[in-house]
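So here's one chain in two forms, each on its own in structure tokens, numbered structure 1 and structure 2.
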Structure 1
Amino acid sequence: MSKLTLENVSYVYSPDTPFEKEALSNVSIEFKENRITGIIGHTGSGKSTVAQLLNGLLKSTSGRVLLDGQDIFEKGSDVSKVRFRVGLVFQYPEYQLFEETVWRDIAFGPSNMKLDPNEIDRRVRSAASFAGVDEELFEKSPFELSGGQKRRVAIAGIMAMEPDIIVLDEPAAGLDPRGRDEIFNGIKKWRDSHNSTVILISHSMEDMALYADDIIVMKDGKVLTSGTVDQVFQRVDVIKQSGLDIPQITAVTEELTKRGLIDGNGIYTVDKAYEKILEALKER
């Protein structure tokens, strides 16, 4: 297990040019081990910038990124090792497949880690099963696959590195409901069996309600609020302020609560709403 922390991190794109843009300003986040943390925010709020800082792809303008307490850019620390330990699945990763076969694409990361061939094969098969890539596809060209299948291959490629921490930038964007659920469930299973830490980037509060343990809400390069899913859904006004849509069920239960009909602040699942409403109706 590894612990990842952002400490007063700011990031400026194209500094000292007319295009200078401060994407993050003084952000501090402690990612809890063995949990799924959702980073949520409107487009442009800085989510992808955070993702790239976490595995050393970008270097913070000020502040530090700490992996197990050690600054990843400290003298003597090897950033390429950081990338093996903190795996990053980019947004729309299906556009970045390039090997001739699916197997080789998934094996690309572990091959770079100079593992022995049996271990690489074991990892490819294991990662493929979590990501939902059928072994029948191993010898196919990635270009023959559907968009959803390609996405899974890209995710498997990062899982095959067996990183301590995996960061996924909008892994379900554009998928159908079934594809979305399969990918999120695969990620959850992977976390459970590897005791790893997962960081999920999304702009859907509904998905986060179902799959995250903790949530960080970002706006304009800052953390607006954070906490467990239950805690964050208690602050519906703050979520709205961030420009995100709250789930339908949350809007309905908030309104009924405001009118004194139920006791239901911070509800985000249909199960819970149903239970609360039934309870209140029976009391009448």
Structure 2
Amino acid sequence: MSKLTLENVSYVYSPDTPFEKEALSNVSIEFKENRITGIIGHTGSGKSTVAQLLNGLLKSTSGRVLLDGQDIFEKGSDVSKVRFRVGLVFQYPEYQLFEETVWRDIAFGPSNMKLDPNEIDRRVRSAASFAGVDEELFEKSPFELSGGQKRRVAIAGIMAMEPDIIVLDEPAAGLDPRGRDEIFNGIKKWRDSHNSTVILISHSMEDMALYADDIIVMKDGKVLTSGTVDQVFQRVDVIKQSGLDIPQITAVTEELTKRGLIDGNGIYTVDKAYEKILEALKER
């Protein structure tokens, strides 16, 4: 499996101009293989800049981005091949759609990989199935679809390249709860079946609690804290320091713990809260 690492990476927008802004400052992150890593932070924290650095859309001002130990911008490297291996789904990915039909949009990446027609067709159908795109939509224009359908087509277009690593920047932004669940469950299913590494960027701690294995919390272009989901949710004060809202169920169980009703620090899912409350009721 592919290994992706940021090594002492800094990035400055518009250097040597009045608009100069440091978006990242000496950031080092090693993304664990075969896991869903969530990157979370407020607007301006640097998380979307990280996304664009990971597949070479941006080049770091200093430091290195390593794929299997190789600097993706070292002399002689082919960044276009990196983008086949590290697929990036932008925030509001439906704005990436441009082909005449849904099928052609999903097939765009595999076609650029110079695959034979049968393999392209297989990948389109497989990716569409995972992303929840009905084959009845294949001959439709993507611009005739609903917002949620467009989102799924754009995600399927990245999945069709079968990258080792998928980076998704706010993939469920603007969707209703059902649409969010469908997108995230599809992503988890893809990771499990393809042994892929998934990097999920969001501002929602609820999403991270439900779908991530590891979390990186960013603030002002730096990593504030990181670890497994359990480890990070034990650091509620640090999460609040980043300006993020903790999940509502965490706030509820924190208050119940303060009142001595349960022992529930670091709870971040309804199921775990239920277990703790049931346990406390039985003891009474």
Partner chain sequence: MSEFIKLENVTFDYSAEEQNGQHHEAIKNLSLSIEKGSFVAIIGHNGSGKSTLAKLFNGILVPTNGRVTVDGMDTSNEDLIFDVRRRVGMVFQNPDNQIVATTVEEDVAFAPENLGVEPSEIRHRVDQALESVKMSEYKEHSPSQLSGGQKQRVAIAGIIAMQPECIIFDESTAMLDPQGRKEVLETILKLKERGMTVILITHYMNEAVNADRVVVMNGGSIEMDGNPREVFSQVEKLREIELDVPQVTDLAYRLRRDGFELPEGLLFEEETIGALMKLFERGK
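Structure 1's sequence is the ruler for residue numbers, which start at 1. The term rigid core refers to the maximal set of C-alpha atoms that superpose within 1.5 Å between the two forms. Given the structure is predicted, the values throughout are model-derived calculations rather than measurements.
J.: Deciding between structure 1 and structure 2, tell me which is the form predicted together with its partner chain.
T.: Comparing the pair, one sees that structure 1 is the form predicted together with its partner chain and the remaining one is not.
J.: Given a core-based superposition, decide whether the C-alpha of residue 12 shifts by 2 Å or more between structures 1 and 2.
T.: The answer is no, as the C-alpha of residue 12 shifts between structures 1 and 2 by less than 2 Å after core alignment.
J.: What's the distance in angstrom the Cα of residue 260 travels between structures 1 and 2, core superposed?
T.: Superposing on the rigid core gives a C-alpha shift of 3.2 Å for residue 260.
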